[in-house]
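Here we start with a single chain on its own, the form predicted alone, put down as structure tokens.
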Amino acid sequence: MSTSRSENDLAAIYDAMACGVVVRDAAGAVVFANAAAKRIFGRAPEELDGVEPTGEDRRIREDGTTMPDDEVPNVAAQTRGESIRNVMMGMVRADGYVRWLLVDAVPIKDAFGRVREVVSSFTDVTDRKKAEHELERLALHDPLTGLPNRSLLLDRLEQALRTARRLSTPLALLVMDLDRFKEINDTFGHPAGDLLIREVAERISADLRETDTVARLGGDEFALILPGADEGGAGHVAQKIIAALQRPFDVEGRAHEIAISIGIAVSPQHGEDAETLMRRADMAMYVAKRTPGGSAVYAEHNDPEGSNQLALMAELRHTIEADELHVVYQPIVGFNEGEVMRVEALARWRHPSRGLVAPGEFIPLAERSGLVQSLFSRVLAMTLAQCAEWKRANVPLQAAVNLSIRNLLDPDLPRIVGVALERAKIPPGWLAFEITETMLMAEPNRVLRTLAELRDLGVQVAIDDFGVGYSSLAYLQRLPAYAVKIDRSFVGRMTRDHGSSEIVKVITNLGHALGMKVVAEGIEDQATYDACAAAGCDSAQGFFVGRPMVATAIPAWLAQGHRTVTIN
């Protein structure tokens, strides 16, 4: 085969590639560009071959800042004489359009070790970046009003509290609830109710400062962060909002009045963390419903929680030590032939006088009282013991245990898990952990190290409540996770809300692009099950598939036609 023929063949191979390839000589001039590169850069061959780039495109980093010349991959590879890999680079056109490229640059050296050429390859990831940005926007904002949602509000509240502590200034949180909204919804239907919610949002948002944050928490509930405001300032804003909503609303051509109840909590006197402030503002709101004026400030004598908190903590400690906790299991079913290969382990506390205490109540209590490690260790041991029983009965079911943020940040977690697996004589593949998306960003580097250690043990990790957090795509790419679980708030609305349905599809495509399985949780009817299957989800979880059940009920449930698959 002749040299010219070989070069032609090589050029044809390069042109068949989906990624762009550009070769520059030691002076930086382009000596070769394949067809994909010319398509990516939008220049004709004669404008790209043999000349320096025109410089019309501004290069930016992933965070939007200008990328210096010495950071441009081909320049860095030429200067350092080493390969530069996986650099995200944006090319900004004069009209503001950004094309995002994932770039590798590899130097080719001569016999004396000098860089003779640099081969750069470009993958166009613009569509993927757009999907990420849209997902972040949808995950952090209420689709009806465009206001921040609960996740974004909590994030801003944490930031505002840190600033308030640093500057020794007050901060007020207002939680608001409409009093006669249900009547409008029941009488005129949800479309009229949606229009009313939008107008309420506009009236609440009017005349606020740039530093204030108003959010829709869901339904007819709103919240407002007022940095620098004390009780007097917060009360003044509350009265302005009440007055603004006293003007009648036009609903279906008729004037209707809507009342609002506003609860106020002020930091530092009512709490210095977001959870406490939210809870106490919420308590004040319910007091406001029972008192004239429409607003109320948190008062300790109205808080029934403080008096029995210590007693409840002591009872929880006794329950854990006496091995009186219960674990139930909810199946996670594949859409293909209804196969079952996982269950989620869920802790339950049946109090002798209170009845069933919700996990949302006793798990935060365990975290505040230092019992969270004992609680986790007990649930883990009970779950692995049950897996051992299923293993002996030839029922291969992987069990997923939920981790709290305190568990995840515990440096002893991998050792605790390793010891528990060895004690139960269970292969690591029978165990998985679920962590929420918001937990990932608490201390990202520390979380990554812990997850990597769990992966090295052979334990799998799934990201729960996906879509309501704010993790970046770059961070998710680095996570050793096998699955994402789409938050039930999107799944539950997808048959009646187009926006939620689109979010499920975006998350499914994103999860698959990251090499992860996608679980739809919160499925409660056939229509939602079918919609999730059509969206491409891999597995289903929810009351329609199977309710949480005691371990002894699992074999009977499987006998109804579901099956398990072998765990590797």
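Start at 1 with the first residue shown and count on from there. None of these values were measured; they are calculated from a predicted model.
Not pictured, yet referred to below: the form predicted together with a small molecule.
K.L.:
Answer with one of 204, 403, 173, 260: the residue that has a non-hydrogen atom within 4.5 Å of the small molecule in the predicted complex.
P.N.:
Checked against the cut-off, the match is 403.
K.L.:
Report the residue, out of 144, 106, 346, 242, that has at least one non-hydrogen atom within 4.5 angstroms of the small molecule in the predicted complex.
P.N.:
Of 144, 106, 346, 242, the residue with a heavy atom within 4.5 Å of the small molecule in the predicted complex is 346.
K.L.:
Considering the small molecule in the predicted complex, find the one stretch among 501-509, 64-72, 520-528, 31-39 with heavy atoms no farther than 4.5 Å from it.
P.N.:
Careful reading of the contacts points to 520-528.
K.L.:
Contact between residue 488 and the small molecule in the predicted complex at 4.5 Å, heavy atoms?
P.N.:
Heavy-atom contact with the small molecule at 4.5 Å: present for residue 488.
K.L.:
Closest heavy atom of residue 375 to the small molecule in the predicted complex, within 4.5 Å or not?
P.N.:
It does: once the small molecule is placed as it appears in the predicted complex, residue 375 has a heavy atom within 4.5 Å of it.
K.L.:
Can you tell me whether residue 315 touches the small molecule? I mean in the predicted complex, with a 4.5 angstroms heavy atom cut-off.
P.N.:
Close contact is absent here: in the predicted complex, residue 315 is far from the small molecule, nothing within 4.5 Å, heavy atoms only.
K.L.:
My question is simply whether residue 428 lines the interface with the small molecule in the predicted complex - judged by any non-hydrogen atom within 4.5 Å.
P.N.:
Close contact is absent here: in the predicted complex, residue 428 is far from the small molecule, nothing within 4.5 Å, heavy atoms only.
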